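This document starts with one chain, in the form predicted alone, laid out as structure tokens.
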Amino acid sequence: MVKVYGDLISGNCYKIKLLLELLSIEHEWVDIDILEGETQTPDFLAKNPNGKVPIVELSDGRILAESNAILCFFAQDSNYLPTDNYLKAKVLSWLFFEQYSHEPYIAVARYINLYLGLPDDRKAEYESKQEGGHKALKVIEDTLKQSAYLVGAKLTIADISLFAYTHVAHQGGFDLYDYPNIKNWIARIETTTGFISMDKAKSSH
């Protein structure tokens, strides 16, 4: 059976859980406590020398790291990854956008606030993330003016990847009030058959 190592409060880990649930892929979830240093143990580092979650251990023992690469692996030959080369490249472009232009701002601000409790020595860094986060949200908002999902009319892993941190962006200080298309998009994803919320995913483990 597929084994996933991760922290379900982390958007990068939750996005994997969400896709596996949508695809009805049976899996074992192994909770990893980042703050307790569980990604830095010799056993974990043997699986991922980068010392980060999520990672997936396949039934044959092979390991996959990096959340968006894991999404691509499981989405292959499913409705969540287009077969058309152009549309597939559009999905990939959003996955790169998520890691370079979205996650470093919204996820980091959320981490400082939610995980660390906004300590005084991180407040300046927290504030510095706000402009970049809102810039990323505006890109998503403007795209969703044109289509129901990020790549056309169907839910793809582009949406799943960006949903993970966007729907909890308020925990990093990002008010979604001025982003009505994003709020409607979030609602559409949450009504998808097989959807599991972050809270429900966490409480089930």
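Numbers follow the displayed sequence, beginning with 1. All figures in this text were calculated on a predicted structure; none of them were measured in a lab.
Quick note: we don't show the form predicted together with a further copy of the same chain, though the next part is all about it.
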item	value
Three-residue site 112, 159 and 173 fully in contact with a further copy of the same chain in the predicted bound form at 4.5 Å by heavy atom	no
4.5 angstroms heavy atom contact with a further copy of the same chain in the predicted bound form for residue 49	yes
Exercise: residue 65 in contact with a further copy of the same chain in the predicted bound form, heavy atom 4.5 Å	yes
Heavy atom of residue 135 within 4.5 Å of a further copy of the same chain in the predicted bound form	yes
Contact flag, residue 118 vs a further copy of the same chain in the predicted bound form, heavy atom cut 4.5 Å	no
Options 173-181, 144-152, 56-64, 30-38; stretch whose heavy atom lies within 4.5 Å of a further copy of the same chain in the predicted bound form	56-64
Sequence-ordered residues of 79-98 touching a further copy of the same chain in the predicted bound form, heavy atom within 4.5 Å	85, 86, 88, 89, 90, 92, 93, 95, 96, 97
